[in-house]
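Quick setup: one chain, the form predicted on its own, written in structure tokens, and binding and motion questions come after.
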């Protein structure tokens, strides 16, 4: 397997997303860099609408992740309920 990663702008909304990622992906490693939060994991990362909505205390549209997205490494699979990055061989 290989590592996947996502980089988000360091802002209030992204911090909720990162908290949800950590909750749903316990092996993920979070790096706080100037103006960027980078999260990496072996094989895949999944961001679930329900988890982010719980963190924010309101409904969250998965497509709104693109507003805060800076970079990613891996193949994307997205749906109304999740945004998944995985490494496919």
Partner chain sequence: MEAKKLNVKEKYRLLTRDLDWEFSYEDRKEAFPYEEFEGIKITDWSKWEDPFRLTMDAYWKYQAEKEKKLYAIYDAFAQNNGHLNVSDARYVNALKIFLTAISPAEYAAHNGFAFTGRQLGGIGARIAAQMQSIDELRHIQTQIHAMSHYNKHFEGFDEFSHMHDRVWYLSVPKSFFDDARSSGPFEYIVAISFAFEYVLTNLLFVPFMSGAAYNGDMATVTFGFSAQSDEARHMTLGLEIIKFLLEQHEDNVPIVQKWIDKWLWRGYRLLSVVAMMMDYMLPQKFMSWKEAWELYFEDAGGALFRDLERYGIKMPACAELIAKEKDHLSHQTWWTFYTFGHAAAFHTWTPSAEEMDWLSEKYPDSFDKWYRPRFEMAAELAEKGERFYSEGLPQLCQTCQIPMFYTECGDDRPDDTCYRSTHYQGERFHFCSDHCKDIFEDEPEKYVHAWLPVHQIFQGNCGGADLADVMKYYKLNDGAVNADYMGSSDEQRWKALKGIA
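Positions refer to the first chain, counted from 1. Source: prediction; values computed, not measured.
Unshown form predicted together with the partner chain; subsequent notes refer to it.
In the predicted bound form, residue 61 approaches the partner chain with a heavy atom inside 4.5 Å. Within 4.5 Å of some heavy atom of the partner chain in the predicted bound form lies at least one heavy atom of residue 72. Taking the partner from elsewhere, residue 24 is found to have every heavy atom lying beyond 4.5 Å of the partner chain in the predicted bound form.
Using a 4.5 angstroms threshold between heavy atoms, residue 34 counts as touching the partner chain in the predicted bound form.
Taken together, 30, 46 and 51 are entirely out of contact with the partner chain in the predicted bound form: none brings a heavy atom within 4.5 Å.
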